[in-house]
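Just one chain is shown here, as structure tokens, and it is the form predicted on its own.
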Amino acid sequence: MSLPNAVKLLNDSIIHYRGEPVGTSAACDPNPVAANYTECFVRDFVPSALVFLMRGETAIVRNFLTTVMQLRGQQQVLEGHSRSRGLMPASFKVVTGDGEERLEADFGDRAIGRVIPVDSAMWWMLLLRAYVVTTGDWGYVRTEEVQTCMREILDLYLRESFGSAPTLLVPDGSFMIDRRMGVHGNPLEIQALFYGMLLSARQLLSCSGSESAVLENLDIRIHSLRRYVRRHYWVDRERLNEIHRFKAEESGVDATNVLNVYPESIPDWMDGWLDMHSGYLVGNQGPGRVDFRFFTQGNLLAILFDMATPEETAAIMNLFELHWDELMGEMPLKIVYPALAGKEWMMHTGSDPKNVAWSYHNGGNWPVLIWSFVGAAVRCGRTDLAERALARLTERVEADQWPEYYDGKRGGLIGRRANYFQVWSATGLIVAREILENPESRTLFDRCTRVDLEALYCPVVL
């Protein structure tokens, strides 16, 4: 595999527990800005796991899956309230004491804002499927422990709530954007992950003899979620014109503006943002609310999991091309556009100094997003955009010592509070390079991320 320094950083980050590799630390910075970056974060391990699967080093991925599975449900119990067994930690670390090693998990108890991670179990389910598709180890999936774990996750995530939509309602800070950013409600990234998790669970359970009632329940949620997101989250010139001319305060079954979105809520920056060939999935949607910001990861995952239609996928890629300097800049890719500033920043972030405009999660540029961008671009035949983005990132990220993120409107400054030697900045580049240059890795990546709806109803041919 190419990029020897990136590979070395990955190898140096491997965490061992009782002699076995179980994960990778978030960073190998000798002077880390964040002390907990020596831990293994579930979401951070995903590009590492993809590298290991591409290299045929599958044991660490299975060990990781088992470790996280066995840590689930061990969070602190609230007085008078027991937490679900389906909840998985944000991170874990190996602690040594009295000559013994033990694992210590963080379920948000030590995190900024004490927010419980919603995305961990979703990434775990996606990695479980990727591992099985790569190795053919269906015996692992059929074990009682894994079957019980999958059912507990689904019991938690499919639990009845007061929401009338098939989307998943979550608080601020519960996924990659892990600080207050006005993303509470039904953020796109969570809906894309939720959809991918449900598809993965459907295939894993159907191929391990699960009862039909469970599978039928998954079918209903999968189709209704995809239909809802495509209808309510998608915006292009045609849809924007519809919203611009919406009649508000409609009621009854024949209402067009069913979520009562006011045309006045369209932000000024949207004027001229879309041409006739571009579009995207908005960042959030709810009653009387549309968050028109462009969230990169959610749109890319929607492409990878086929949540977006082929036409929508092409339009999203056209948007990247149309606004290359704003969304890519000097160091691909911007996590969200545009940034919140002024009173909006104060109101939505609580005046968070780390999330000032064009920094960190508020419009910062994140090298790790390159793997999902290249995967999505290759998926829809836009290798030209993939090559262009990868070339731009490769020019600097290694020379800059693998920063966590970059600041500025064009991502030209190393993040003010970024860790160096951030592992997913290196593994994201490795995965992207492999997808683009290695046909076998591209095929493996495609099988790991794409779950054909038609294939859900028959055994997987490996």
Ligand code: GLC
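The model shown is predicted, which means the values in this text are computed figures rather than measured ones. In case it trips you up, residue 1 is the first one in the sequence shown, and so on.
In what follows, reference is made to the form predicted together with this ligand, a form of this protein that is not presented.
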Phe64, Tyr37, Phe421, Phe52 - the one with a heavy atom within 4.5 Å of this ligand in the predicted bound form: Tyr37
field: The unique member of Ala376, Leu205, Ala315, Met176 whose heavy atoms fall within 4.5 Å of this ligand in the predicted bound form
entry: Met176
field: Listed range touching this ligand, judged in the predicted bound form by heavy atoms within 4.5 Å, from 53 to 61, 394 to 402, 66 to 74, 421 to 429
entry: 421 to 429
task: Using the partner position in the predicted bound form, report whether Arg43 sits within 4.5 Å of this ligand, counting heavy atoms only.
output: yes
message: When the contact criterion is heavy atoms within 4.5 Å, does Arg226 count as touching this ligand in the predicted bound form?
response: no
task: Spell out, yes or no, whether the shortest heavy atom distance between His232 and this ligand in the predicted bound form is within 4.5 Å.
output: no
task: Please check if Ala26 has a heavy atom lying within 4.5 Å of any heavy atom of this ligand in the predicted bound form.
output: yes
- prompt: Can you name the residues of 340 to 370 that have a heavy atom within 4.5 Å of this ligand in the predicted bound form?
  reply: Tyr360, His361, Trp366
